[in-house]
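Here you get one chain, nothing else, as structure tokens; it is the form predicted alone.
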Amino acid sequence: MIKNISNLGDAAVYCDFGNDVNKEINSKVINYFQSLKDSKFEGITNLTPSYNKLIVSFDLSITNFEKTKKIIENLEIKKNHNISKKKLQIPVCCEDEYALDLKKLEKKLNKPTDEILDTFFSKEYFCYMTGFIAGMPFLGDIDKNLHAKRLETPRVKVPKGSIGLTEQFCNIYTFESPGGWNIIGNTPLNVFDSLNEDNPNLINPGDTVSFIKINKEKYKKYYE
């Protein structure tokens, strides 16, 4: 199931599930991630899943690469472990002040705004991973007609709550941060709660997300 297991520095194991990015491979990554997390092997300090890779970090004073590799190779993958599979609806306002790159996307995709938004809001999106900044969900797979490259010059500051598109993914900026994704709107929801130590992410790998278009008046009511 894992194509290759190798060392990553002196205190981490690199599990390679292949180069393709799809739900099937990502589900295998999530299964290994959750099974290792539930097993609580001594010495494993951190687990970092991505689209098709899993990095297992360990404490070199307790274990080593060979021992950790053997744990992974002999791991029992549990079928009924608690993988997040929530279905969430995220409100998004796409009016001009929040849709920072919609006009650019019209030119990039050679499509009118209405068609871009109708296509975007018509689908559900699968959460492959979170990362880059805390809790940022990487959601695929957007319609092929909306695939666009990143901005040639990334922004120094992208507002919190911005909805970005690039290639086959969309995401939600959980904090104001630098970024080069094409911004088409903004959600008033708090997608990452740093005060909730047990489960700070609103969206976790395995969840499904659909977006609901709202106007500016409804957007502002979330802050009243």
Partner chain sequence: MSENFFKVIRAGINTTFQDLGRNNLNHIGIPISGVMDKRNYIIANKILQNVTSHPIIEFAYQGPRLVYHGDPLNISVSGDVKFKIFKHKNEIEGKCYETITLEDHDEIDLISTNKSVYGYLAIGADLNLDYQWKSCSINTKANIGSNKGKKLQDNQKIEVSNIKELSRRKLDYINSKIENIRVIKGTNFHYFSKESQAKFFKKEYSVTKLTDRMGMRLEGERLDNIINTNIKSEGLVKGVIQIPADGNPIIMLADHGTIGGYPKIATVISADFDKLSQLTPGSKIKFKEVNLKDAETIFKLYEMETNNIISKIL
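All values reported here derive from a predicted model rather than from experimental measurement. Residue numbers count along the first chain shown, from 1.
Although not depicted, the form predicted in complex with the partner chain is the subject of the following passage.
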With a 4.5 Å heavy atom cut-off, would you call P200 a contact of the partner chain in the predicted bound form?
yes
F121: heavy atom within 4.5 Å of the partner chain in the predicted bound form?
no
Verify the contact flag for P112: yes if a non-hydrogen atom of it lies within 4.5 Å of a non-hydrogen atom of the partner chain in the predicted bound form, no if not.
no
Give a yes/no on whether Y173 approaches the partner chain to within 4.5 Å in the predicted bound form, heavy atoms considered.
no
Please tell me whether the candidate spot formed by N145, P188 and F211 is one where all three residues come within 4.5 Å of the partner chain in the predicted bound form (heavy atoms).
no
Of the listed stretches (132 to 140, 70 to 78, 88 to 96, 104 to 112), which one has a non-hydrogen atom within 4.5 Å of the partner chain in the predicted bound form?
132 to 140
Residues in 16 to 32 with any heavy atom within 4.5 Å of the partner chain in the predicted bound form:
N19, V21
